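The same protein chain appears twice below, in two forms, each given on its own as structure tokens and labelled structure 1 and structure 2.
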Structure 1
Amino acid sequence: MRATAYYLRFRGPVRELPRATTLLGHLLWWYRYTHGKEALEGLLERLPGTGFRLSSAFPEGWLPRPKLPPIQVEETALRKRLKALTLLSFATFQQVAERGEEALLEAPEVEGKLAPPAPRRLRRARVGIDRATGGARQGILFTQDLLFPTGRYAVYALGEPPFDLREGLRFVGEMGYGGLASVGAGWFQVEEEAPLDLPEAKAPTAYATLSPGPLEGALFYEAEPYWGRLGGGYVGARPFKRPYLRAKEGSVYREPDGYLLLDVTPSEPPEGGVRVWEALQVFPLGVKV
């Protein structure tokens, strides 16, 4: 599958690695702030018909393990190693897409010879300052978990982006992705944009997705309950969108073109007349089932 890869390098910590739905939300807020509300509404109408797909971020050269029917393994240690695999190198993904999970038995990841870069974790303590004394305020000591990613991460795009995607990603990186952006988290740089052939089966019978997708049409999937927060000007109190179920990255679909603009407006909308949408899309890589 011919895609465009955007390579990101994190310049600081991040709360969570970028996922397609949230990243697209950030990009749409950027579009809203720089082009205006009407332009965003027009873009949202056009978006389902464009064929544009955006993936979550993965370490360069790694993809999520397709959720294919598992193979039966007697040996406990091997079974546990197989179970722990969440990311596959491009070469292993290609083999798994063609031959199913049996290909994993010969994979260097399972033999312990190859592993994706794992972000380091740091629990950072923070304290509220008493404005009257300047000292630490009683009862406001709290900790926050942060990830420090190493190496490059890649976000993939299919089709023609309906806006300047590199410029949008550059802006999101500058402003910070996800939580704690105003205190330095989520800061990344877009190092490179390059066309790339993503691995997939030659004559696919199903499609693994690189972004969270709708449950409709999913064949083998891992469901994820999701209760996202409102973004942009709606950050603050009553912050949550309506909860819903979706399929995680790696889930396998019958058809390649699944797309759902899901209404997740809270029961009390953040503003009169405002609707809140979540774009669930299948970013398809062919696999054989």
Structure 2
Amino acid sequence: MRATAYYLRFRGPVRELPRATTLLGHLLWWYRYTHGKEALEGLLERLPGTGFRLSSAFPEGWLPRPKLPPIQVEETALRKRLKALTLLSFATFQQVAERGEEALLEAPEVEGKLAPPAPRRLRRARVGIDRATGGARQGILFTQDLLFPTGRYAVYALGEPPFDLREGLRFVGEMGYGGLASVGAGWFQVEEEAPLDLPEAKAPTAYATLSPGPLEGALFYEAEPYWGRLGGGYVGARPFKRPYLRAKEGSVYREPDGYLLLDVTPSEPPEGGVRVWEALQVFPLGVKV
């Protein structure tokens, strides 16, 4: 699968690595800031038909393990090593896409010879702020657990982006991805943009996604409850979107073109007449089931 890779290097910690739905939300807020509300509404109408897909971020050269039917293994230690695998190198992903999970028995990841770069875990102490005075609240000291990604990470795009994707990613990296951006979390820079052939089966019968996707159409999946916060201009108003269930990255679909704009408007919208949408998409890499 020919895609375009955007390589990111983080300049600070993150609460979680960028995921396609939240990252696309950041990009759409940037589009609204630079092109206006009416242009954003037009983009949302045509977005499902553009063929544009955006992936979550993964360490360079690694992809999520496809959620294919598991093989039966009696040896306890081997079974635990297989269960712990969440990311596969491009070479192992190619083998698994063609032959199923049986290929994992020969993978260097299972033998302990190869592993993805793991983010360092940080615990940062902070002082509670008095909202009325803007000063520190006496006796309020708390900690936050963060991740510091090392090495380069990649976000992949399929199709022709309907906006300047590199410029949008650059903006998001300077403003900060996700929570705690105001205190230095989520900052990254876009180091490189390059075409890339992602591994997949030559004659696929199903498709593993690199993005959170809808439950509809999923063959094998890991469901994830999600209750996201409102972003952009609605931060600090009604904080949460309507909760819903979705399929995690690596889930397998019968068809490659799943796309759903899900209405997650809270019971009390952040502004009169405003609807809130979540873009659930299948970023398809072919696999055999």
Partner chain sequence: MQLRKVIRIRALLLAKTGLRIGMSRDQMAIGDLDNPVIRNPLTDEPYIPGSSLKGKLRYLLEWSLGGDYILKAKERHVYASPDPQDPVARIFGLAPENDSKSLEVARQRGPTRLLVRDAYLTPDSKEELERTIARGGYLTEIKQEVFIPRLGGNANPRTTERVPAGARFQVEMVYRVLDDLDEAYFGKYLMRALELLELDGLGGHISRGYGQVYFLHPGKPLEAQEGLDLKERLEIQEVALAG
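Only a predicted model underlies this, so the values are computations on that prediction, with no experimental measurement involved. For the two forms, the rigid core is made up of the largest set of C-alpha atoms that agree within 1.5 Å on superposition. Numbering runs along the sequence of structure 1, starting at 1.
Could you let me know which number goes with the form predicted in complex with its partner chain?
Of the two forms shown, it is structure 1 that corresponds to the form predicted in complex with its partner chain, while structure 2 does not.
Is the shift of residue 195 between structures 1 and 2 large enough to count as movement, that is, does its C-alpha move by 2 Å or more after the core is superposed?
No, its C-alpha moves less than 2 Å.
Fitting the rigid core first, would the Cα of residue 138 be found 2 Å or more away between structures 1 and 2?
Yes, the C-alpha position differs by at least 2 Å between structures 1 and 2.
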